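Next comes just one chain, in structure tokens: the form predicted alone.
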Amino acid sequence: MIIPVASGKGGVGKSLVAANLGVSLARLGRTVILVDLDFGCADLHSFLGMRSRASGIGSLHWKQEKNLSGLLAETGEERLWLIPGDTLQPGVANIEWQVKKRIQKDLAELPADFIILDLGTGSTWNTIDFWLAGTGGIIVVTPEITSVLNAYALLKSAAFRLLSQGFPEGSSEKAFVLDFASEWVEDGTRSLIDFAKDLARRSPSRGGAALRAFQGILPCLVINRGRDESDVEAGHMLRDLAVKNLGITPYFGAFIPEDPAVSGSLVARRPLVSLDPEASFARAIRAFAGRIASAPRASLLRASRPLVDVDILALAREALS
């Protein structure tokens, strides 16, 4: 199963969550591959205490390696592997379309129970295309208005990307999508799902397929650095915006409390779940991994089911107690 991890803005703990989630799932007996697809700032290896190496994603970009499996690196953690990013070779931040398609194909063929993608920040096409590759992409947010609004922007861009990709260049359907995108006013009177249904009526075959793909967008929200129960409102704000304007319902996956032990793990270059298993951050991540690992395999692979769906307020109370 592919689990993409993204965020609308930097500094919210996206890579921290991805690395510790990968370790936690591996310790539950699952085979896990972490893939660093943050093309502009590849540093996932540092969260695992590994050194940077030249044979990362850049080797595909410069045709030094044929596929992702040739880049698998041992992490020192049983059942956990890493495909590193690359900041040593120039041009990797702007990978070619053909390289992106090759990576997407290779991801589906990697031999693992869970393939966790640490994506770049924001709403670039590369980030969005890889985020849409999973059945339930994770979005990490912090209880700040800028984090929420940027996460909403990512969701909106992903939804439009999915709709427009279903139609060939120059088609009337694609022109219809682009015209709507340029004129749409997000005032709650007409949501993006309403437009997608109109599109399906105009073009039952391709438009219907686009609508079904749109309905398969099931974001999993992780609230990081929560300080008290009121911080769950950040998740509800994002959920309300997405439901009202997009017709997309984000689900809640985890509430991770603010934890001073995190900075120590970054300095030590070790995952906090290893360095201090009883830290509040570590406990919350392990619980999140447990919910993912215990979900029936069939439900994880169905686009109609969310990755995880929890009562976020109850979870916050538990994490903060």
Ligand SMILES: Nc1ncnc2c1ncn2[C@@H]1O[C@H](COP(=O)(O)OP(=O)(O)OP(=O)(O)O)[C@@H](O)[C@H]1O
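All figures in this text were calculated on a predicted structure; none of them were measured in a lab. When you see a residue number, it is the position in the sequence shown, counting from 1.
Just so you know, the form predicted together with this ligand exists too; it's not on screen, but the next bit is about it.
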| property | result |
| --- | --- |
| In the predicted bound form, segment of 153 to 161, 244 to 252, 220 to 228, 96 to 104 with a heavy atom within 4.5 Å of this ligand | 220 to 228 |
| Site test, 50, 271 and 274 vs this ligand in the predicted bound form, non-hydrogen atom cutoff 4.5 Å | no |
| Contact of residue 65 with this ligand in the predicted bound form (heavy atom, 4.5 Å) | no |
| Partner contact for residue 15 in the predicted bound form: this ligand, 4.5 angstroms, heavy atom | yes |
| Non-hydrogen atom contact residue 267 with this ligand in the predicted bound form at 4.5 angstroms | no |
| Interface membership of residue 288, this ligand in the predicted bound form, 4.5 Å heavy atom rule | no |
| Residues in 244 to 279 close to this ligand in the predicted bound form, defined by a heavy atom within 4.5 Å, in order | 256, 257, 258, 259, 262, 266 |
